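Shown below, as structure tokens, is a lone chain in the form predicted on its own; questions about how it binds or moves come after it.
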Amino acid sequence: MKNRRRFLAFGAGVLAGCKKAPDSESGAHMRVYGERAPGETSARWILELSASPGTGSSRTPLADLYGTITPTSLHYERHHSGVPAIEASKHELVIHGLVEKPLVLTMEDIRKFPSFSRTYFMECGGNTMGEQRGNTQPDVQRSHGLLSGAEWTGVPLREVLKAVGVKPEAKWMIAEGADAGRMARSIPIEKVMDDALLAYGQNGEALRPEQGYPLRLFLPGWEGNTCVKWLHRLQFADAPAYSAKETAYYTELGKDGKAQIFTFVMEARSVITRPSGLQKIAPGFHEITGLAWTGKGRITQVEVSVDGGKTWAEAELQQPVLPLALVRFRYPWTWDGKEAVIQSRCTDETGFLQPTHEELVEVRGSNSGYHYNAIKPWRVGADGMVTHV
């Protein structure tokens, strides 16, 4: 009974708002907001553009992750004009244009709609851009780190749009953020009515400010810049807006010099995360592991080669294999201590097979770096050091 009374008193102190509740016997403390162990130091690699304060990106340390969910604190970021400070209670979403009933919704209004949670990957359209242009990076974080996986919670946009009545002539939706640069992207109406999500939660908690708090658009399987953060306006129109970010950026410049626009979908790709660049291994047994993903449904197969692509063997996929989500693959390998080149390739449910660098450049050329999804080889030296190829 004495211990029970002490526990109840201890719990009351935490609920009352104590930042730390000491345990009189052990000297330990309970934290109001959890933190990782001191020895865990994995962090994002940050590229800040000094010429434009508040812009740049941070990359997820993929080699340090174990499963398919990226901790929110390690989720990659890409900012075009800084992170605005927004108070959720004052934030509003305006829906107008080619609709029967324009609406202004508060966050409280949005949370009243039926919601769900789904696990999806998110990838920047410029992920691994340098690889296509021959600017290879030393580790998987810097080469592929504009990729993360998370559970997203929110309201299917089509449910909200039932209240406004989108007119038949509306073919596009222009989504605009409340950041200083007013980031805007034009989205085809088919995607809007399919699986577009008004997201206000990530990994079980409210969005972090860097992820668009309090509201962002999420488009599963599409390039990350279309998932407009700090969402505050949706305009329905009969044509795209041709905004700065979808004309000057995020277009595919082909071999003939002509640019393709609105290339939204992220195609199938995979990468080995362990062993990978800047790691060192010893002869003996190793588990080759990595991630695969596709914006066209499910990954159906991942193959691994330990001889530079001469032969391939099927890897095991961690279950469940979810659509439009990261998939972890594993392959057992006993390294004999001799130089080796390891790599992975994946196939998705459409039958698309991840190409080599040479195959991709043959089709697309090397003018653009967006949507680069070629096979990534790693060289294991005789000394055990892993480097890029």
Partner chain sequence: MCKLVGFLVAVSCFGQGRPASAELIQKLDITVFADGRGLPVGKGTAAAGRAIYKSKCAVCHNDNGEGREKQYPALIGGIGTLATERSVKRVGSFWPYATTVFDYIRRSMPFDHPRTMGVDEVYAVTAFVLHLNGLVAEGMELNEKNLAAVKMPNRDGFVPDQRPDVKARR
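Keep in mind that what you see is a predicted model, and the values were worked out from it rather than measured. Positions refer to the first chain, counted from 1.
Omitted from view is the form predicted in complex with its partner chain, to which the following refers.
**Asked** Does the trio E35, G308 and A325 actually contact its partner chain in the model of the complex, every residue with a heavy atom within 4.5 Å?
**Response** Per the other structure, none of E35, G308 and A325 touch its partner chain.
**Prompt:** Tell me which of 195-203, 211-219, 145-153, 249-257 has residues with heavy atoms within 4.5 angstroms of its partner chain in the model of the complex?
**Reply:** In the other structure, the partner sits against 249-257.
**Asked** Pick from R158, K171, K112, K280: which residue has any heavy atom within 4.5 angstroms of its partner chain in the model of the complex?
**Response** Only one listed residue qualifies here, and that residue is K112.
**Asked** Between the options R118, H286, R274, R182, which residue brings a heavy atom to within 4.5 Å of its partner chain in the model of the complex?
**Response** Comparing distances to its partner chain in the model of the complex, the residue within 4.5 Å is R182.
**Request:** Answer yes if any heavy atom of Q301 is within 4.5 Å of a heavy atom of its partner chain in the model of the complex; otherwise answer no.
**Result:** Yes, contact at 4.5 Å.
**4.5 angstroms heavy atom contact with its partner chain in the model of the complex for S52** = Because a heavy atom of S52 falls inside 4.5 Å of its partner chain in the model of the complex, the answer is yes.
**its partner chain contact at L65 in the model of the complex, heavy atom, 4.5 Å** = Close contact is absent here: in the model of the complex, L65 is far from its partner chain, nothing within 4.5 Å, heavy atoms only.
**Request:** May I ask you to check whether V363 falls inside a 4.5 Å heavy atom distance of its partner chain in the model of the complex?
**Result:** Yes, V363 lies within 4.5 Å of its partner chain in the model of the complex.
**Asked** Looking at its partner chain in the model of the complex, which residues in 343-377 have at least one heavy atom within 4.5 Å of it?
**Response** Stretch hits, in order: R345, T347, F352, L353, Q354, P355, E359, L360, E362, V363, R364, S366, N367, Y370, H371.
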